[in-house]
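Before any questions on how it binds or moves, here is one chain, the form predicted alone, in structure tokens.
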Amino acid sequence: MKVIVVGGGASGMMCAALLAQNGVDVTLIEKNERLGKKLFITGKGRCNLTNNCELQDFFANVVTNGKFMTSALYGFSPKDTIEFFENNGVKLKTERGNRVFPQSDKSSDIIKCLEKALRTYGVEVRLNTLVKGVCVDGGGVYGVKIDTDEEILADKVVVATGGISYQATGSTGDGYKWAKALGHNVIEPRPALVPILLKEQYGLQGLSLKNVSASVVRDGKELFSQFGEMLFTHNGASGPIILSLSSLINKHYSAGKFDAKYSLCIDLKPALSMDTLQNRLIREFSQRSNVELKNILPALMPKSLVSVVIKQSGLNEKQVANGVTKEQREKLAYAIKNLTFLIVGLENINAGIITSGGVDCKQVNPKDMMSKLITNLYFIGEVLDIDALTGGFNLQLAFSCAHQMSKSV
């Protein structure tokens, strides 16, 4: 049996290696000059390859089509991914939040491991080869056509071309075009795991916050909340919890705008109840009764946030502590726990760590990743309408898809 895998990213390399390990004749086609270009920059070059959590917790971090991935994840779990790489010579480590990295902190070690597996099991790798389309006859696949108009024949074709984020790595949406041309529905690609754009930043660029809670509020109602780290950028906010929030709200975002008014609310003191925070303010004010607010609040927050919090509370920076009324103190406490910024958009999709949207999972069989419309055509990885939060979950989805396809042959 001959199988062509198109796309030399995480899912494509894993799929090709596993197929060949099972004795299948495999050709892996990649349009770039080398394999794993996007994988190389994953996790800021460290490659957070999976999340070593229980599957119940894993599914809680899958944003789109978690049910579709049930069989694949049980068939190839985070523990199986860890075992695969460790058995193939890569030493791994687990960090905060169950994030798994190579012990070397080098994504190149993961790529080298997969490349070694490809060589070991005899996969033919064709680099610098652009696939123009999938060849179909009578409702079934018989190969692919490359840019020289040559047709490469195969019994099965696996599309592992990724999404359309980080297009410099080769993720230019080729798989979407082929899927559409063959009658598949493609869910609108949207930016995922991207910075959130804010109307005003108040000169906070570069400020990093830890142990805060950030929530997205729509028309006064809280939709989603995340706890952890974030930072302010030149035009908005980024960092782990912000990236996760972007993926949770992107389905409300189309054609560069949201369907309603959205705000980002930051609780600077999530560990303190409103009453506890009030008591803390009373204590601070009583100890420094003749000191201006702008000189008291740095004890509670980064200095660069003081003027923003005071402004949103409606107080005056030069107001002294003993002049603050109970009502004003309550407003100040509220501002500390509800620092609010108007969301005006999401960063461009090309800046997304992954793409939300893709080939409609309703038209793909979750048992083997084969198209329900075209016999022997398979879709795996990010080209599908699947995505998850940060923490190694998305790469695990890619690996699980690859295994699910490979075991069906």
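Residue numbers here begin at 1 and follow the sequence given. Small disclaimer: the values here were computed from a predicted structure and weren't measured.
Note that the form predicted in complex with a small molecule isn't included here; everything after this is about it.
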For this session: Scan Trp178, Tyr262, Phe76, Phe84 and let me know which has any heavy atom within 4.5 Å of the small molecule in the predicted complex.
Result: Trp178
Seminar exercise, completed: Which of 357 to 365, 374 to 382, 66 to 74, 336 to 344 lies within 4.5 Å of the small molecule in the predicted complex, heavy atoms considered? The stretch 374 to 382
Exercise. Quick one: is Cys113 in contact with the small molecule in the predicted complex, heavy atoms, 4.5 Å cut-off?
Worked result: no
For this session: Would you check, heavy atoms only and a 4.5 Å threshold, whether Gly170 touches the small molecule in the predicted complex?
Result: yes
Exercise. Quick one: is Val62 in contact with the small molecule in the predicted complex, heavy atoms, 4.5 Å cut-off?
Worked result: no
For this session: Spell out, yes or no, whether the shortest heavy atom distance between Ala160 and the small molecule in the predicted complex is within 4.5 Å.
Result: yes
